[in-house]
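In structure tokens, the next block holds one chain alone, the form predicted alone.
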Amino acid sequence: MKNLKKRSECPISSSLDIWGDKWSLLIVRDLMLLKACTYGDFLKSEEKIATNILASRLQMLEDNEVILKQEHPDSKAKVLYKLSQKGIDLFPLMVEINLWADKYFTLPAERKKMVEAVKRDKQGFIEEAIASMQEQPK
């Protein structure tokens, strides 16, 4: 991991230096939902990330070992991005963000369904999702 210049020793500030912009968390979200993505997959998200920002965030997340870049099994011209264990460990945070959003926003039906499952058994939901993400072929 590259040495980042920290603004302070605060754990929240240090964490935000790695994943604290909206684009980085959206990349992590896509990888959690889809398990693996190509550069083009990220460009198809409804948030419409610009190519220069996407390239920068992917590099930063890779440098900080949140994501892994691997050869694409079907194309030498493409790479596949996957979450590292460090990235997978962000899942409980993403669950909490969804719970917070459910309290203050109207969620799409599929996300609302997920939130209801979380509310029934948060720990079980998190454990099952993390186990699923860890089963990804390396």
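Note that residue numbering follows the sequence shown and begins at 1. Owing to the predicted nature of the structure, the values given are computational and were not obtained by experimental measurement.
Only in words, not in the display: the form predicted together with the DNA, which the text now covers.
Task: Site test, Ile97, Thr106 and Arg120 vs the DNA in the model of the complex, non-hydrogen atom cutoff 4.5 Å - done: No, because Ile97, Thr106 and Arg120 lack any heavy atom that approaches the DNA to within 4.5 Å in the model of the complex.
Open item on the list: So, Lys69 and the DNA: in the model of the complex, are they within 4.5 Å at any heavy atom pair?
Closed with: Flag for Lys69 set to yes.
Task: 4.5 Å heavy atom contact, Gln85 and the DNA in the model of the complex - done: Result no; Gln85 lies far from the DNA in the model of the complex.
Open item on the list: Residue-level question: is Arg111 within 4.5 Å of the DNA in the model of the complex, judged on heavy atoms?
Closed with: Flag for Arg111 set to no.
TODO: Would you please decide whether Asn64 lies within 4.5 angstroms of the DNA in the model of the complex, comparing each non-hydrogen atom pair?
DONE: It does not: once the DNA is placed as it appears in the model of the complex, Asn64 has no heavy atom within 4.5 Å of it.
Task: Contact residue in the model of the complex, from Ala50, Leu33, Leu93, Ala101 (heavy atom within 4.5 Å of the DNA) - done: After the contact test, the surviving option is Ala50.
- [ ] For the heavy atom contacts within 4.5 Å of the DNA in the model of the complex, list the residues of 9-38 involved, in sequence order.
- [x] Residues within 4.5 Å: Trp23, Thr38.
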